[in-house]
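Just one chain is shown here, as structure tokens, and it is the form predicted on its own.
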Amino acid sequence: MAASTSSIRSSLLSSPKLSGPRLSGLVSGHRAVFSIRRRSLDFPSLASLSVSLRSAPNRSTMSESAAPVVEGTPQKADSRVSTIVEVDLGNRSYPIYIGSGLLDEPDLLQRHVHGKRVLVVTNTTIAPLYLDKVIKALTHGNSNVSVESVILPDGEAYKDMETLMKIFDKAIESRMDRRCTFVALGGGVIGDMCGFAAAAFLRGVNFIQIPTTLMAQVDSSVGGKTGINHPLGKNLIGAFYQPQSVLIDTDTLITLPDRELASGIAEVVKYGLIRDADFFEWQEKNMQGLLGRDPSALAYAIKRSCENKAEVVALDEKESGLRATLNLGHTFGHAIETGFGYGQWLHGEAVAAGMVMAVDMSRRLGWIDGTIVKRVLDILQKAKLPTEPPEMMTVEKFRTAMAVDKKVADGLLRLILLKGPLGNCVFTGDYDRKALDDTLHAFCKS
């Protein structure tokens, strides 16, 4: 007999309490399936309007089911998958598998491979750790599949056209065809570049995301944003292109450096601030568990982050308005990355400082009170993340970079700002410009 929705919610959402059972123990012999349903939305021109996102403890768009499988993706009863979050985009929907040891389950990858040719895109850091394991998973019991790989230099500094061409070179040299599958094995840079290459090669081939950093697992691997940087701005060249699946093996976080772990936590904090106040409160109580790599804490943070991201993507895939709210702090943060130099700060470090600036501006506008400002500062400091931009960032550097931000419309810079109680935000160009100037001058020496 199927369990009730309330009983599933009770069992799964009890996992934030680290004194309780670990998440993996909650799904012995079965797993939870989350299905994010679409709504039909009509977003008007946002040059002068704002989109408001309100937190809702019982979101009608998210339904939980005890069904043992996702339709079309049968799973063995002894699978290590603890959770599946499904991104509902009609006939382009795809699952996000979350669990420990998933790279040791060949079926999870093979069921999403189209054709007989696979190109794994990875980098010099990840290749020695996981490339052989992924190739083994792709070919285990399946001698018809041929796998090639391309190993790129590691880091944001290489997220450019020159490095992207190395993927195309390998694909063409290896005679990849339209039925091939690209596999992104790495962090956000690899996922973005591999996805963009898949979108452009032969005008579009299938690809799979295997994110190995917390940043990629909770954010960049989900939703189909792909692309590269330009010297004048971050992620200005790219495409919306959805993967066939996202496979999150939480064991890959074991090898993740502490600084990279903290960088990913910045995106986790973001979800709590913009739409999930309960999740933010959980983070406040469990930050040490996250930093200490407690498996239960990390599994829960990844699951809930993916739920939030998938819900928004299903409602607004190509960022007509609602999805832009996922960029809290990113306008300031991208300016830091561009002005300071790609790779000098990790993406999450720049976003953390950017969120503090966005929160400061929200307070100056009178949209939030000082208690939220303090809580944001406290949680980011607990996560060992920056709370102000590097000293070399000037007001002019910020303005120059922000002028070419992707959220500029008809010359108007639109920002994501907090408004109201915790868990509420707006995406708007309708704000007092003096508040932005005051924030920039407060955080910059010149």
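Fair warning: this is a prediction, and the values are worked out from it, not measured in the lab. Just count from 1 along the sequence shown to find any residue number.
Keep in mind that the form predicted in complex with a small molecule is not shown, yet the notes after this line are about it.
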| item | value |
| --- | --- |
| Listed range touching the small molecule, judged in the predicted complex by heavy atoms within 4.5 Å, from 83-91, 368-376, 254-262, 173-181 | 254-262 |
| Three-residue site G188, S220 and K234 fully in contact with the small molecule in the predicted complex at 4.5 Å by heavy atom | yes |
| A216 within 4.5 Å of the small molecule in the predicted complex, heavy atoms | yes |
| Contact test in the predicted complex: I126 vs the small molecule, heavy atoms, 4.5 Å | yes |
| Touches the small molecule in the predicted complex: Y130 (any heavy atom, 4.5 Å) | yes |
| Partner proximity in the predicted complex: E156 to the small molecule, non-hydrogen atom cutoff 4.5 Å | yes |
| Partner-contacting position among E105, D360, E311, D192 - heavy atom within 4.5 Å of the small molecule in the predicted complex | D192 |
| Heavy atom within 4.5 Å of the small molecule in the predicted complex - the one residue of K303, K225, R117, R275 that qualifies | K225 |
